[in-house]
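As structure tokens, one chain now follows by itself in the form predicted alone.
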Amino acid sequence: MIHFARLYDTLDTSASTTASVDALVDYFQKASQSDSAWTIAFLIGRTPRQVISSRLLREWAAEEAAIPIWLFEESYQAVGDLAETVALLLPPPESRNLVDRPLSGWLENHLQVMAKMPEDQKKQALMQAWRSMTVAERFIWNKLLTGELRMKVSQKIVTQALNRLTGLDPSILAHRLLGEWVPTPFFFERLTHLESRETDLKQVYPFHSADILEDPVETLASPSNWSAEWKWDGIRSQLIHRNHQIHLWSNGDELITERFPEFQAVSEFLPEGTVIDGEILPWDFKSDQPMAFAELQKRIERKTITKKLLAEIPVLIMAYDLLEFQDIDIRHLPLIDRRAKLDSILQYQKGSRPIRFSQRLNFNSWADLGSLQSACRSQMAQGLMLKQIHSPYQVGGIRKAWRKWKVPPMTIDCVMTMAQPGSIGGQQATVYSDYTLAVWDKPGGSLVTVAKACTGLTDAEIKKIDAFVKKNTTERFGPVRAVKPVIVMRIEFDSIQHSPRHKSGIAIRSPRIIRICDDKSPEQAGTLSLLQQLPGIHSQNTILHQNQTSID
């Protein structure tokens, strides 16, 4: 555990990619295969489930530290991180009899056993563990107990470190890190062995990402080298058909097959050994147009998918690309060839079948494409996807082969009505950096909440808002503070939709703070009627089919 705690501290405080890679290589060279496998799982975001509730952890820590619970809670508010608060308040360790236990030992022989214990035995086991650990070890242990361990590295850094350790191509390593696997010595051996072969029929490929188009589209040179499609607002996914089984993965490396049972029907016409990259969209098959993303969220949040829900919110996959054909990885082929094969597979799929070929938009010049881009909101699209027609489907340094030409964000001025401490750790965890924002329900009326935002301000601005909150709190709701409604903030956002789940009747997607409007009074903030007039608020729109062609 101590070696892992040192690695965590090094990665958390390092601002250098090289230093992070060096630290990981050094750790993997010294750690056992079992510890290395668990560490990789944590590095890419796979943490154990919560074993002890936050309430019990606070109560037992206060008891062990021999302090009243109110003092613990005040300390927690000051520190801003539960695991760190507990680690700092506990008395020095009584013994070090468990100090040599490796990370995997703590996880497999202690944490997983503790999860099955009744509450009284769980408390006793936790106290015993705390009493044998240093502050650094306790911090990691508490993070594991609460399921909140987050490593401050990207998957790119992980693959770079494993590349130096093994000599394997980063794209191969990225592929092997995806899918379902258990952190065992066998997994680490398969991950790092040159001649390893994939045996999991559910194995997903790394997704090809795209850069945002920031320069004028004319800088992309000849338009004849590019294809364009609508950029839909859904769940990026891969649909896999192998061994007569259908598997569905999200871009977040989550197996979501059971949430979308209608896709099992594609096994009737989709050839064996097929992997398709696409977007899951809520779709109105009667009007043949997409529904609002808020409708898809209803299905995402439900644990049980009922027949009623399937009928109310049907979905389809808008298929963009073909990654595997007849059990052969074809990602190295040019995009134009991959899409030709995909079109040949799907060309007869019409009507209510849950998969559709994403048509290429027809344009002869950048001016033509600009006209299509201006029509994105009427399509309920977030913009255009531009792809070089000869580009392979890979991960790594070729992202400029794919570009996202997003529509300009919408903006509105809001009044800050509430704030709470940030929940992302680090500096912002101790200050009020998450804000509830509202507009007027009518001129001279009441404020109604429309968004929550925590990004866009500088550290100095956050510090200024934090000081305001502490001096102008009117009510307290746990960690949330209601404040005097005097600060105006301008936010930008990508889309807006009707939502009966919100009191305001609307849902704003991806709000970001642009600036604090010191030059505006609260009365000058926006209104609900202004938001309701913005493009995209209506769930029914007309699709422009005449600008599409299936030629690739």
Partner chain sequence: MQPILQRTDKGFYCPPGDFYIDPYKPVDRAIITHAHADHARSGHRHYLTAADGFALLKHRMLASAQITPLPYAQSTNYHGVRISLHPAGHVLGSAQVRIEHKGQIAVITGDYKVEPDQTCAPFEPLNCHLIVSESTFALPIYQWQPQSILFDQINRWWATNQDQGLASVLMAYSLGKAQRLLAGIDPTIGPIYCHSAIEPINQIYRDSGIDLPQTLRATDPQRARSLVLAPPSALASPWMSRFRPFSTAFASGWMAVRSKRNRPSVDTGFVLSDHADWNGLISSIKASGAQEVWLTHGYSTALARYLREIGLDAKSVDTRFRDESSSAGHDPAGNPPDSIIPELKPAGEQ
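Positions refer to the first chain, counted from 1. Only a predicted model underlies this, so the values are computations on that prediction, with no experimental measurement involved.
The same protein also has a form predicted in complex with its partner chain, omitted here; what follows describes it.
Tell me which of 61-69, 32-40, 519-527, 46-54 has residues with heavy atoms within 4.5 angstroms of its partner chain in the predicted bound form? Only one stretch passes the 4.5 Å heavy-atom test: 61-69.
Does N142 reach its partner chain in the predicted bound form, with heavy atoms at most 4.5 Å apart? Outside the cut-off, so no.
Taking its partner chain as it sits in the predicted bound form, is D459 in contact with it (heavy atom to heavy atom, 4.5 Å or less)? Because no heavy atom of D459 falls inside 4.5 Å of its partner chain in the predicted bound form, the answer is no.
Is A78 near its partner chain? Define near as a heavy atom within 4.5 Å, in the predicted bound form. Answer yes; at least one heavy atom of A78 falls within 4.5 Å of its partner chain in the predicted bound form.
How about E108 - does it come within 4.5 Å of its partner chain in the predicted bound form, if we only consider non-hydrogen atoms? Contact with its partner chain, no.
Even though its partner chain is not shown here, does it sit in the predicted bound form so that D9, T85 and L89 each have a heavy atom within 4.5 Å? Yes: D9, T85 and L89 each sit within 4.5 Å of its partner chain in the predicted bound form.
Considering its partner chain in the predicted bound form, which of E312, D337, E74, D169 comes within 4.5 Å of it through any heavy atom? Looking at E312, D337, E74, D169 one by one, just E74 meets the 4.5 Å heavy-atom criterion.
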